[in-house]
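Read the single chain below, which is given as structure tokens and is the form predicted on its own.
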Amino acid sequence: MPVVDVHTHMYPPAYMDLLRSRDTVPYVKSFPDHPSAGDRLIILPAEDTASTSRGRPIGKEYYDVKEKLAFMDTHDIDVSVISLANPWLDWLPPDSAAETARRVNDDVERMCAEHEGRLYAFGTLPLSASVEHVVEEIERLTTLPHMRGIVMGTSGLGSGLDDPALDPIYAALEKEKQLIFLHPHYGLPNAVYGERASDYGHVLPLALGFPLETTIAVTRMLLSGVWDRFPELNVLVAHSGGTLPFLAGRIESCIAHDAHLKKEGKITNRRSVWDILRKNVYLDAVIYADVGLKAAIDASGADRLMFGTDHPFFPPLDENAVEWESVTLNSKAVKSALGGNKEAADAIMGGNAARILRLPS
């Protein structure tokens, strides 16, 4: 059974050229006076300073397809389904968003075609453009042989995934049978982490902010009736669904006991959290331990989970390391969570992705 990585990011050359041409957020900044700092990706206003400690180091592993393939070979990954990482294209002016999305998606398609059988992709939508242009790109992506859905952040058009303005986009995605790969956007407000948050590096926003942001976003979709209106809309939720598998029962109970929702008539004739988890939601296996993965399996089913690495994030801190612990932890968790059931483990490591994403055998 092939190993398929469904959660792995790349910034294609067309996207990097765009970021390097800019001097306002988001952009790639170089530091000629501090060569050791390398290039930095600046995606938040707070990072837009002259300090080399701000922003995210961005090396070839982010944009060089040779680095991606070398990483795959090192970790015995046969196929990667690549996606743009945040900030995606949400920040573009409306008048240039559609054209830029076509250029970026075509560049990704080119890379996949040049490495036939190794790379597939989730396309990126011009969400700041008109709805008509977004729908056009959804339809166009279905004609690109290596596209297997789209990637979207938890902020949607900027007002969350329960925004009614997203309905025409959801309708188009449902009609075209395009899977949404849902990824956290920028985390929670920094204030929630306390006054000493900076003492703890990026642990609080990455370990807690991203998963909670994801859980809140999906719950808002549920509460607003997205899956009642679009019952065939399918979503692959990053990081094993955040905390959704663990909190699903609590979410369901709170809905059932909420007087306001009952008064508004939103409790009756609705689909349950559990029904949606098992029919519309897929989860990646980027959770790093069998405890969380068991919760994901219990919530959605082992046949709906797919292996991921989150490359090129979480690289080893030891410069001489060859294997990435972030990868080995995820693969070990799959084997451990399934208690020696090799068939089920093989399915999560690649078989489910091949079936769900229609990958050639």
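In this text, all values refer to a predicted model and were calculated from it rather than measured experimentally. Residue positions are given as counts along the sequence shown, with the first one as 1.
The following text describes the form predicted together with a further copy of the same chain, which does not appear among the structures shown.
Colleague: Look up in the model of the complex whether Phe210 has a non-hydrogen atom within 4.5 angstroms of a further copy of the same chain, and give yes or no.
Modeller: Contact check for Phe210: yes, within 4.5 Å of a further copy of the same chain in the model of the complex.
Colleague: Using the partner position in the model of the complex, report whether Leu329 sits within 4.5 Å of a further copy of the same chain, counting heavy atoms only.
Modeller: Leu329: yes, in contact with a further copy of the same chain in the model of the complex.
Colleague: Is there a non-hydrogen atom of Thr215 within 4.5 angstroms of a non-hydrogen atom of a further copy of the same chain in the model of the complex?
Modeller: Yes, Thr215 lies within 4.5 Å of a further copy of the same chain in the model of the complex.
Colleague: With the partner left out here, check for me: in the model of the complex, does some heavy atom of Thr100 sit within 4.5 Å of a further copy of the same chain?
Modeller: It does not: once a further copy of the same chain is placed as it appears in the model of the complex, Thr100 has no heavy atom within 4.5 Å of it.
Colleague: Can you pick the one in Thr142, Ser272, Ser96, Ser198 that has a heavy atom within 4.5 Å of a further copy of the same chain in the model of the complex?
Modeller: Contact with a further copy of the same chain in the model of the complex is made by Ser198 alone.
Colleague: Using a 4.5 Å heavy atom cut-off, indicate which stretch of 130-138, 108-116, 156-164, 82-90 touches a further copy of the same chain in the model of the complex.
Modeller: One stretch meets the cut-off, namely 156-164.
Colleague: For this chain shown on its own, do Gly38, Asp78 and Gln178 all sit within 4.5 Å of a further copy of the same chain in the model of the complex, going by heavy atoms?
Modeller: No, the whole trio is out of contact, none within 4.5 Å by any heavy atom.
Colleague: Is any part of 245-260 within 4.5 angstroms of a further copy of the same chain in the model of the complex by a non-hydrogen atom, and which residues would that be?
Modeller: Sequence-ordered list: Pro245, Phe246, Leu247, Gly249, Arg250, Ile251, Ser253, Cys254, Ile255, Ala256, His257, Asp258, Ala259, His260.
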